[in-house]
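In the form predicted alone, a lone chain appears below as structure tokens.
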């Protein structure tokens, strides 16, 4: 039985160099009160010196970019194969004229890393979404010809105005044509004001636990409402963090849509695919939810045959210096074991067989 990790990130050397060369968000920097610790600053306000040092961005060490450490992590947790992807903020921040070349260099970098560990690593490519549409489409086509690429990773902003923007249709068409799955991952969360004036006292808990899942849920709901899957019936999307709150709220979304007078007047409540059909046909969910309850909701929404194991490495490391196993990973293993107790085949499918089938990995 293979164990496949579909949600695992890397910042390849070309990307780290790009971030270190910058002076504005996103970038890598140190602070005067913590000169020995580099921090990855990816959102506005994270570099405010007045906030506690542990709330300023994220510490970035070799585990982010040293592929040998990724392999060691895999060995420690008995993971046979990983499908690696660039982590947020990807390339959304680059000027249009720089994005295409940067994407090609980073994707080639990742492809070479996968080739170095043949059979153990595959990848989701990165798109130059700030570039002209023709440049983005060309990279989609090029990625389809690279041996180890199995789709693309995207954030929720799309070309800058969200995933329901009509200007994305040529990109969706290309992804559908070349059979490239989208791994959809949050980045921006929610406006920081919603967390209240004491948010800095709570570290990263509120934006990561609540902001990320709700960002994903809102982005996918906008795709549904704008008819993306009515126009691109074979467009497949893997949602990070078990789809955010989508499995729990899908029924409410469907009910609100059916009872909306504005949408009914526009003729958008009929002759469309409903939420449940799309969840079971076009959407896959990773199993990065850390609980039996959440995993059961994901399985009920999309089907156990559409769930894929993930770790979110190198994020959520153990805080104990001498810890070898990551609590975040064992929590995901435990959730799968409990959710599918008595059904070993379903558990094995989530741990690896589904990914082998869906992403066409080695058997």
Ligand code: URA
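Positions refer to the first chain, counted from 1. Every value quoted in this text rests on a predicted model; they were computed, and no experiment measured them.
Unshown form predicted together with the named molecule; subsequent notes refer to it.
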In the predicted complex, which of 42-50, 332-340, 296-304, 24-32 comes within 4.5 Å of the named molecule (heavy atoms)? 42-50
Taking 4.5 Å between heavy atoms as the contact cutoff, choose which of 225, 208, 263, 256 touches the named molecule in the predicted complex. 208
Can you pick the one in 212, 195, 172, 117 that has a heavy atom within 4.5 Å of the named molecule in the predicted complex? 212
Residue 65: heavy atom within 4.5 Å of the named molecule in the predicted complex? no
In the predicted complex, does residue 315 come within 4.5 Å of the named molecule, counting heavy atoms only? yes
Would you check, heavy atoms only and a 4.5 Å threshold, whether residue 157 touches the named molecule in the predicted complex? no
Is residue 88 part of the interface with the named molecule in the predicted complex - any heavy atom within 4.5 Å? yes
Would you give me the residues of 172-198 that have any heavy atom within 4.5 Å of the named molecule in the predicted complex, in order from first to last? 185
